[in-house]
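Shown next as structure tokens: one chain only, the form predicted alone.
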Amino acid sequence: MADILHVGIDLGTSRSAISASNGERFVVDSFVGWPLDMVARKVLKRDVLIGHEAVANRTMLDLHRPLERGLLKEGSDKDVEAVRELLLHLLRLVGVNGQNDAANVRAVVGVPAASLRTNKQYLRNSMKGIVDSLLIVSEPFAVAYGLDALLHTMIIDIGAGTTDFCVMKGRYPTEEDQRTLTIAGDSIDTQLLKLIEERYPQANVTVFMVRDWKEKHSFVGEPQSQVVVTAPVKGVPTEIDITNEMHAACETILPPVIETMIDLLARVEPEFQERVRTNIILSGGGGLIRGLPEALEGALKGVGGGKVRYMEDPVFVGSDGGLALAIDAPEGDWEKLTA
């Protein structure tokens, strides 16, 4: 099977990552755009732009972010085309070019834990002709597999579109072992933008600016320092203090995350609950919010205490887990795709 290329793909609302058995790894922003008109096409000299390039040139593009809340948008042909372009781009980055190469590719794709069966079918359709064999798993399970955290562990994967929970019990997780919340990075961005606009009505701020500020300065609990950013106010670059707004927006995820974490813990067999409480792992970009592990550990004190750690470099943890699973998966687990 030396000619088979195994890949793990973490298909995310904000960013998508791929890890391949040939040693290649890439991450791209989950944006796809087509030139709006002949002028834009003349300037760009491209038929389609993907990732950061699409975001940077968005004023000239019909820009699509096809993975809403971590799921392929339904009912939009352009979004279906966009996710296919995104997948093709990821595979090209690791050396897969065209139908002939696709015949030798086996892909594990991570999706949110509560992904609907219909959405899985959309994804299967998008992958036809791109890879030979497919295995769709939940994103937190892929993370757990990559970390070899397969027993008495809880994964909390905070992405842009969803926060996914998975309790690992030494086997494939069932629906009862998993949860998905739509309170995640995007909802923080929306809240932060609203709060900034309310406090600084004359500032000109976009969600792209807010997302960048959040990724650099997000925190819960007490601030380590003031969060001061620069934004145009009446066209003049001006420093504005958004410490309180950042704090309020980031803390919106705490109540639902804590409630879901404790509910899942309560469903673990009693003799194993302490082991799971002391082995909780945060992953995803949202897992890097400063003070979040401490806040969750504070909430666990009421149920006997616990330990929460986070992945310092979460970019490839999902795709690396998918790759590990792809390499280990037995023949019977694969779904053969036909073009």
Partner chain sequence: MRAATIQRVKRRVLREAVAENLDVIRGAPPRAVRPGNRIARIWLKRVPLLLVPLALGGAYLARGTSGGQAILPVQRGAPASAGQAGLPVLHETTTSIERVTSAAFPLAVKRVVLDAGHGGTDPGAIAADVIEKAITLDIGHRLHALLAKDGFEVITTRADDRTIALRERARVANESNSDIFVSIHVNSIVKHTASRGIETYYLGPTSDPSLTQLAAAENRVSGYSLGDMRKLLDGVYADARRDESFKLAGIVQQELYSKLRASDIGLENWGVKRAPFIVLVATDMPAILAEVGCLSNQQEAAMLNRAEYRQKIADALFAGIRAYASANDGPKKKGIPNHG
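For the two forms, the rigid core is made up of the largest set of C-alpha atoms that agree within 1.5 Å on superposition. Numbering follows the first chain given and starts at 1. Just so it is clear, the structure is predicted and the values come from calculations on it, not from any experiment.
In what follows, reference is made to the form predicted in complex with the partner chain, a form of this protein that is not presented.
For the partner chain in the predicted bound form, the listed stretch (81-89, 226-234, 252-260, 199-207) containing residues with heavy atoms inside 4.5 Å is 252-260. The putative spot formed by 136, 141 and 145 is fully lined by the partner chain in the predicted bound form; each residue has a non-hydrogen atom within 4.5 angstroms of it. Though the partner chain is absent from this view, in the predicted bound form it lies within 4.5 Å of a heavy atom of just one residue from 193, 150, 130, 94, which is 150. Taking the partner from elsewhere, residue 329 is found to have a heavy atom lying within 4.5 Å of the partner chain in the predicted bound form. Residue contact with the partner chain in the predicted bound form: residue 323 places no heavy atom within 4.5 Å of it. Taking the partner from the other structure, the partner chain in the predicted bound form has a heavy atom within 4.5 Å of a heavy atom of residue 121. Using a 4.5 angstroms threshold between heavy atoms, residue 216 stays clear of the partner chain in the predicted bound form. Along 169-190, residues 170, 171, 172 each place a heavy atom within 4.5 Å of the partner chain in the predicted bound form. Once both forms are fitted on their core, a CA shift of 2 Å or more is seen for residue 329 between the shown form and the other one.
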